[in-house]
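Here's a solo chain for you in C-alpha cells, the form predicted alone.
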C-alpha cells in the first residue's frame, strides 16, 4: 500500500462509520449570530458544541480591542517572537498572565496546542520520563513524542496506579514530568490535584497542569483547578489556551520557576512559528480582564451546567462522573451516538459527536458544552429534546 492508498483506506474507514449523506465532523458553520446561535445550512441552530464557556466571543470589549489593534499595528506580525514578531502586546500579555497566576515567568505561544508541544519538548528529552494521564489531550501526547523522552501512561485519575509507576522508576522519578489536566475534555471530570501533588513531592518529580478547559471555569478569579484547590504554589508549570474561555487563539505557560524563560531559546514550537496577530493579543488581553472579574459569569455557567447534567441524568442517560460545563452522554455504540446526534440536529441543536477510538473505554459520546450566555429557556429546550429522543435512541 503506497502513501496515497493509505489515505484512501483511512477515508474509507471514516465513511464506514457514518450513514450515507451524514456529515458530523468538520461541519460548516455558515454564519455565527451570537455566543449561542449560528446558522448551519438552512438551520438556525442552538450551539452546544463550542468551548465558549464564559460566552465572551461577541463581547464589545474584546471586539473593540481587536479593531483598534488592527488599525494601529496591522493584521499580522509576519514573523516569530525571536525575529520581528515580539510586539509590546505580547510582552504585556505575558506580564498580565504572570501576575494573574502570581508566577515569575510566562511565555505566550501561537496556539494552545503549541503551548503543550513547546513546553513539554523544552522541559524533557532523551533519558527523561513523562508520566501522563491516560485521557490526556492529543497535544500532550504529541509534545511527549517530540521530546524524545520515555512516555508512560497511568490510568485516568488513578493515583494508586500513578504511585505504582513512580515507585518502579526509582531514582528516575527525579527526572520525571507528571502531566495532568484541570478538566478533561471528553468526560468533563477534574484531576485529583491534591493527591497528585503529594505524590509529586514524595518522589521529587515535576508537575505540569494543563488548565485549557478549567481556565475561567474554576476558582474565584477563574485561574482554574489550582485556585479551586489552593494548590497554586505546588504546581511547577501551568499551560492553557486562549481559544476557550478567552475566545481567541493562542496559548501560554506560566511558572514560579525562572528557568521557564530558557524555553524561548530551545523550544522549536516557540522559535519557528509566527507570533499571534495584534488583534488576537488585544482581544485576549481584554478577555482576561473580563474573565478575572467574571464571578457572575461563572455562577451562571455552573447553573446552566448543573441544570443540563441533572436533567440528563434524571432522564436515564449515562453521563460523565461529575457536573461540569462539559456534559458528556456515554453511549454503547456508534449507531446510538449517531442517531442521537442526528436527532438533536433535526431539532436544531448542535453538539459534538465523538466516536471510538477518540472516546474513552471504547464508548461513543455526545459531548455538550454549555456556556454562561445560554438562557434557562435554551437549556430547558435542550433537556426536553433529549428526553423526547431517549425512548427512541435507547431501544
Partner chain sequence: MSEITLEQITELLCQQLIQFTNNDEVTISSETNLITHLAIDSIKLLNLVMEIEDHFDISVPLNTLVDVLTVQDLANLIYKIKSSQ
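Just so it is clear, the model here is predicted, and its values are computed rather than measured. Numbering follows the first chain given and starts at 1.
The form predicted in complex with the partner chain is left out here; the points below concern that form.
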Counting only non-hydrogen atoms, the one stretch of 310 to 318, 98 to 106, 153 to 161, 284 to 292 within 4.5 angstroms of the partner chain in the predicted complex is 153 to 161
**Request:** Report whether the minimum heavy atom distance between residue 257 and the partner chain in the predicted complex is within 4.5 Å.
**Result:** no
Exercise. Is there a heavy atom of residue 141 lying 4.5 Å or less from a heavy atom of the partner chain in the predicted complex?
Worked result: yes
Report task. Considering only heavy atoms, tell me if residue 28 and the partner chain come within 4.5 Å of each other in the predicted complex. Result -> no
Residue 146 within 4.5 Å of the partner chain in the predicted complex, heavy atoms: no
Partner-free chain; cross-checking the partner chain in the predicted complex, the single residue of 167, 268, 91, 303 with a heavy atom within 4.5 Å is 167
